[in-house]
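Here's a solo chain for you in structure tokens, the form predicted on its own.
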């Protein structure tokens, strides 16, 4: 896939109908409409979908900050204050540290009434630009881009659309295939989608441990390697649990890439 073709016409970023605005002052804002297809049973947006929004806003802002070099996501931490949301989610990003080798930023999440939905921090490694990296221009003025296209938008639940399936619930084993629908501009599974897999795996493992449905409220993701072949498969280990919340450790492997360990995550989930 060529960088100037990203995202393709059929892609999760288009069906989430994301809009992002980058500004010369080093801040960015993203918006995502809320539909039942991206929400938990309680009506709160899924942590994995929120991570995709954060990843897009943060990744774009980091790429602008690192010019003319490029960036790779090192880690993402997401703390949520979940509640039912209607209308849109707004994500506001700002750079908190820009160094020669690292960019660190913060993304705050809120509904259109101004109520907080959570806070994320991300760190990025600064890398030499390579042929095929997306071009970053128009940074001297406000630049707004919508990924929605005529006819885009989810018409089935998020997990169904990305083909995320539960293999073994008790072990938090989730499988996600690599397809053009979920890849980044380099052709590997998009970082937010890897977080969505960790979210689902942690919830499944903790649902059994807690004895009731739970929803992710906190995630810490460490990216080790790109998932280039797929499908990816998760393995979760419950660290602690009560009847109301629990914590699990999730590993994500690229099964088509010699079971390479690509991602580590800590997931905290609670009863809504």
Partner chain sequence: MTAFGDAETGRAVNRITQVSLREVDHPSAPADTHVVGEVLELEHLRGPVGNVRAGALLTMADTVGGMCAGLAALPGWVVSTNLMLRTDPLVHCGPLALDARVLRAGRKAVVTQVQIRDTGDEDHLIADGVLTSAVLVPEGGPPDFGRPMVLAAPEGPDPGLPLLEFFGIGPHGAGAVALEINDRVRNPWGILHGGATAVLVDAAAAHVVDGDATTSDVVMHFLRPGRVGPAVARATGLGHRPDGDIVRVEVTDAGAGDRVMAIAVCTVRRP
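On a predicted model such as this, the values are computed, not experimentally measured, just so you know. Positions refer to the first chain, counted from 1.
The discussion below concerns the form predicted together with the partner chain, not included here.
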Partner contact check in the model of the complex: of 215-223, 202-210, 36-44, 51-59, the stretch with a heavy atom within 4.5 Å of the partner chain is 215-223
Candidate spot 22, 159 and 185, all three touching the partner chain in the model of the complex (heavy atom, 4.5 Å):
no
Would you classify residue 94 as touching the partner chain in the model of the complex, given a 4.5 Å non-hydrogen atom cut-off?
yes
Please tell me whether any heavy atom belonging to residue 249 falls inside 4.5 Å of a heavy atom of the partner chain, as the geometry stands in the model of the complex.
yes
Would you please decide whether residue 126 lies within 4.5 angstroms of the partner chain in the model of the complex, comparing each non-hydrogen atom pair?
yes
Distance check, residue 77 to the partner chain in the model of the complex, heavy atom within 4.5 Å
yes
90, 175, 180, 106 - the one with a heavy atom within 4.5 Å of the partner chain in the model of the complex
106
None of 154, 119, 147, 171 but one has a heavy atom within 4.5 Å of the partner chain in the model of the complex; the exception is 119
